[in-house]
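The chain that follows stands alone, in the form predicted on its own, written as structure tokens.
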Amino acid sequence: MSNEIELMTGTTVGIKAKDGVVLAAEKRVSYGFYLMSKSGKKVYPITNRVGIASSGVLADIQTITKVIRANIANMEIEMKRPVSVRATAKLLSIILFQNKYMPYIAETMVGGIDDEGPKLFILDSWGSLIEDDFAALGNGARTAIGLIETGYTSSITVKEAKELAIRAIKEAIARDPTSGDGIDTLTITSSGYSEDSIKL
């Protein structure tokens, strides 16, 4: 258990806005305090209206992304309609729970927008599922969440949420040695998604 906590490196945040969802993560890949890469991607679109962001072991983050993308693509072909954010999060929860004896070492957020509006869900390695308005994961989460809590309102827009997410991760980078080297963001609205990468 203690080894797994040590591997939850980096910082990932998610913020639900009135008109969409913003997911963001820094780019440093480290194991303990050993720097592996400065260009790790931890934020991914799953469909044009759903995305995920994770902290943890990069290989597990990449595997989770591939598995959920394949399952959602298959479900949408069978159902002939888009899969909701909640259904995506529940499916990922089941996948994680099925692997609980050899869990993926990653904490994950699923965010997006559907007919119910913007949604954000948080999952741990064993598939626990929590819906919230905002969250921060990884070693830098304690620093990031404090800044988000002071800046969040229920009327926040995606533009404001993106700015807040970037500020929160920058604050975490300044205090957490396992976070750094840039920020990737994924903004999801009813019009689709957009990705951005910020060099630091």
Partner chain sequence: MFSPQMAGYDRAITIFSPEGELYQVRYAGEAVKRGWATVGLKCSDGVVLAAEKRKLGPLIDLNSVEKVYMIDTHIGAASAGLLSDARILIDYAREQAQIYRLLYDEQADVEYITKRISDLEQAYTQHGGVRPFGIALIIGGVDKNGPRLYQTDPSGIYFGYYATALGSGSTLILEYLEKNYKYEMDINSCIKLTIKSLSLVAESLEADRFEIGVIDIKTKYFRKLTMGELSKLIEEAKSEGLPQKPSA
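The shown structure was predicted, so the numbers you read here are calculated from the model rather than taken from an experiment. Residue numbers count along the first chain shown, from 1.
There is also a form predicted in complex with the partner chain; it is not shown, and the following applies to it.
Lys119 falls outside the set of residues with a heavy atom inside 4.5 Å of the partner chain in the model of the complex. Although the partner is absent from this view, Ser84 contacts the partner chain in the model of the complex, with a non-hydrogen atom inside 4.5 angstroms. Remark: Leu91 counts among the residues lining the partner chain in the model of the complex, judged by a heavy atom distance of 4.5 Å or less. Heavy atoms of Ala73 never reach within 4.5 Å of the partner chain in the model of the complex, leaving it off the interface.
Shown without its partner, the chain has no residue in segment 153-192 with a non-hydrogen atom within 4.5 angstroms of the partner chain in the model of the complex.
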